[in-house]
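Single chain ahead, by itself, as structure tokens, in the form predicted alone.
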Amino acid sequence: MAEAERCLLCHDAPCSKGCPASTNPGEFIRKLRLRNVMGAIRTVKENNILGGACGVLCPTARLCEKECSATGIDRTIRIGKLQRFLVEHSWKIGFNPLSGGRFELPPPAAGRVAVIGGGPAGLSCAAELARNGCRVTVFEERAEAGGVLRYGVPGFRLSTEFLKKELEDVKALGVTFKTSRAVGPGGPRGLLKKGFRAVFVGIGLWAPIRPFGGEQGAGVISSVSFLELFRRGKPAPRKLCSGKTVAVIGGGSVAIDCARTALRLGAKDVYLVYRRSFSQMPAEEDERLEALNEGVHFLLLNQPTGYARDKRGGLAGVKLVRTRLSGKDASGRRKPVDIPGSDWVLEAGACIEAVGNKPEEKSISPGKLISADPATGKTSAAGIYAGGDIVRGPGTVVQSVADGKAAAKAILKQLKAAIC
């Protein structure tokens, strides 16, 4: 309440315009400040069924909080923390997204819709469709739904119990989940032939980008495998890291997650190797500072070039070359340039590659992103929509939520036109 009372109650709240998923922080903070707690909860959950996860994981400093009018007067309103509080409080008081909302589900007359992929984009799309009377089935190839929230974010950032409650909010809307269920050779078109009126594809990116190509070899693992095995409670990550010097290649949020996880698994030292400077890292500032405070060593302005092996083929270290920053490249950041003759080897017994992901070769879209209208999620195939990372490339959870909502609106428009 004290934090909400700092809000300036802007008439045309800029923070709301800064949220890609239209969670409308201006409205839910206003309601919280006026002691309408239930109304504030409704605003969050009706606008963003994954409001809890977004409250935890969103880069609010460069989205809603960046636009906050309190900036420059005092400090920005902590919008992400208020949003997380409201969602957690909703679970504490037994709020139901259906019975506790301002709406009731219409009769299931809008038709059956299939969602392929149980990640943020798919969950958001499914919830929006279910609210509007669609009978939605989510097909998830893995054993549990959640996508990157379940298998790509370490539990100390987003616990399994937290995610479970968020998924229960989706199920409360009437969404059916079929896990450990691959769609099959027919793909989205096959589902249309089975009677689904539309299909949304939100399968994400699960194949790791290899910095040097070829096989990883002993002592080297991709961030995808490392974090998934860690979330599943498998012993391999601990065996890889315990008592060793661990190198993590990359500068994004996933690299930070891997480095912090390695420390928790008993690594002697963890080096985050990045070819640019600290300020140019893609990871959010608070994430970087948390890693520093926990003891991660940042090895900046160093470009990995390969691995050094011992006589038995085990990992002996990571080959590096020092870099300097030159003129700006296409990303708007200064480009790292190798310094001739500065090659050296960082001794390490394990390495985690966290330089990005790409579409899997054995997927609906083999090795390629899906082309879709960014405003509607429409693909070139009638009745098939797509969104999230499989369309836009690596992005944030809130961007995937926005894609799912946009596609759901387009699907509803298609179904309404068919009925009329």
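As the structure is a computational prediction, the values presented were derived from the model and not from experiment. Throughout, we count residues from 1 along the sequence that is shown.
Not on display, but discussed next: the form predicted together with a small molecule.
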Problem set entry | Non-hydrogen atom within 4.5 angstroms of the small molecule in the predicted bound form for each of L57, G122 and R157 | yes
For this session: Flag L82 as yes or no: does it have a non-hydrogen atom within 4.5 angstroms of any non-hydrogen atom of the small molecule in the predicted bound form?
Result: no
Exercise. With a 4.5 Å heavy atom cut-off, would you call V397 a contact of the small molecule in the predicted bound form?
Worked result: yes
Exercise. Does at least one non-hydrogen atom of K244 fall within 4.5 angstroms of the small molecule in the predicted bound form?
Worked result: no
For this session: Report whether the minimum heavy atom distance between E140 and the small molecule in the predicted bound form is within 4.5 Å.
Result: yes
Exercise. So which stretch, 275-283, 338-346, 141-149, 298-306, is the one near the small molecule in the predicted bound form (non-hydrogen atoms, 4.5 Å)?
Worked result: 141-149
For this session: Answer with one of L173, L227, L167, L240: the residue that has a non-hydrogen atom within 4.5 Å of the small molecule in the predicted bound form.
Result: L227
Problem set entry | One residue of A372, V37, I384, I364 in contact with the small molecule, assessed in the predicted bound form (non-hydrogen atom, 4.5 angstroms) | I364
